[in-house]
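Just one chain follows, in the form predicted alone, and it is written as structure tokens.
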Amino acid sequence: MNLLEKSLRFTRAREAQAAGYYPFFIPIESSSGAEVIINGEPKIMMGSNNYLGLTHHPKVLEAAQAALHRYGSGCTGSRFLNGTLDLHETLEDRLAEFLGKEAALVFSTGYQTNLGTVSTLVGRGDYIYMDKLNHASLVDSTRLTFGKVCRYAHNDMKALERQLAQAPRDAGKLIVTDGVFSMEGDIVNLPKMAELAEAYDADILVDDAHALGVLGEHGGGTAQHFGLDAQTSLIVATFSKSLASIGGVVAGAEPVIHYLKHHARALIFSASMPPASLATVLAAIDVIKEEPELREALWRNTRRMQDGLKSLGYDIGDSETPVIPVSVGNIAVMGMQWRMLFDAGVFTNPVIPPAVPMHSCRLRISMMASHTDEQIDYVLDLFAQGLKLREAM
């Protein structure tokens, strides 16, 4: 069989397109943060990870524009050679301080950060412990290592302890977890995980993609949220959510970061973050520190939406963050409800198999500080109508 024949047999997406229920790769023509324009029509953006609404903050836009004119549009090289700007080093210093670590290293994407960090540190004879609901970038990072991968049920600390107890005492052990789980919206049980890490001489890596700028007294993420900065060996995060840009960071002890800087293939053999993106992140950190009211607004909006959905009878699982998965049943029902919301001016993210079982499809909402009460109430009214639609089916 020809290698490429599988592409000819893949028809599911085209069938959904023909039926008018294809919810992916929708081009956005313009954006103002909480509202976007699609096909010339405004939509309330309920599917963006722009948690603090910083993609359109004046200070962020001004900083990006200034960097573009000073440094140009790109670095045209890897960090290892000609692609390191003073902005990279400034940002690494700022992020280390922001995350409560000795040092930090910036990658071009969050995905590359996970691949580069885990694959570089975990070697033959080492053990990796993975929550089964970790992000795909963490899953893929383990495929590049020679270590033994142990997966445990979601947030099941008893299962994690059983696996830790089975490993040789002197083996290297890295527990890898999301801080906020991207499809569930719940938070890792970091206090118990830290206890286990100490008892079994393991290190912890927390992916704070959805926690940076959201959790913690100052927006520093999951470890700050629990007061466990010292017990968390490594923090990785992406800039494509609260920090309104693209790129990623790993922060930890200086010798570890120095080692990664000289061994991580995802860093050494990839072009570096462009100047405007670096300046965006630096400005976003300033705004997070200077305007804590944005995080307060985010949490106020989150509670309003969560309470409203639950009062309607929707199942939002164990969500305790701005990531809110709304269970809507099988894929046919999900498609109908997504289309109804979209046609009425609301953009949500559908979650379908294989990401979830066939009977538990969901619409994922991501709240932003910039959402208004009127927008939230409008979305809730549409979800109320969605219940009637489901009853009629």
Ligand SMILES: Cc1ncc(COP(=O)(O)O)c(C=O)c1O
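In this text, all values refer to a predicted model and were calculated from it rather than measured experimentally. Sequential numbering from 1, following the sequence displayed.
One more form of this protein exists, namely the form predicted together with the ligand; it is left out here, but the text below deals with it.
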Quiz item: Contact between residue 111 and the ligand in the model of the complex at 4.5 Å, heavy atoms?
Solution: yes
Exercise. Would you please decide whether residue 270 lies within 4.5 angstroms of the ligand in the model of the complex, comparing each non-hydrogen atom pair?
Key: no
Quiz item: Does any heavy atom of residue 306 come within 4.5 Å of a heavy atom of the ligand in the model of the complex?
Solution: no
Quiz item: Would residue 135 show up as a contact with the ligand in the model of the complex if we use heavy atoms at 4.5 Å?
Solution: yes
Practice problem: With the ligand left out here, work out from 97-105, 144-152, 117-125, 238-246 which stretch has heavy atoms within 4.5 Å of it in the model of the complex. | Solution: 238-246
Practice problem: Report the residue, out of 223, 188, 214, 209, that has at least one non-hydrogen atom within 4.5 angstroms of the ligand in the model of the complex. | Solution: 209
Self-check item: Position in contact with the ligand when the complex is considered in the model of the complex, options 321, 301, 233, 182, heavy atoms within 4.5 Å
Solution: 182
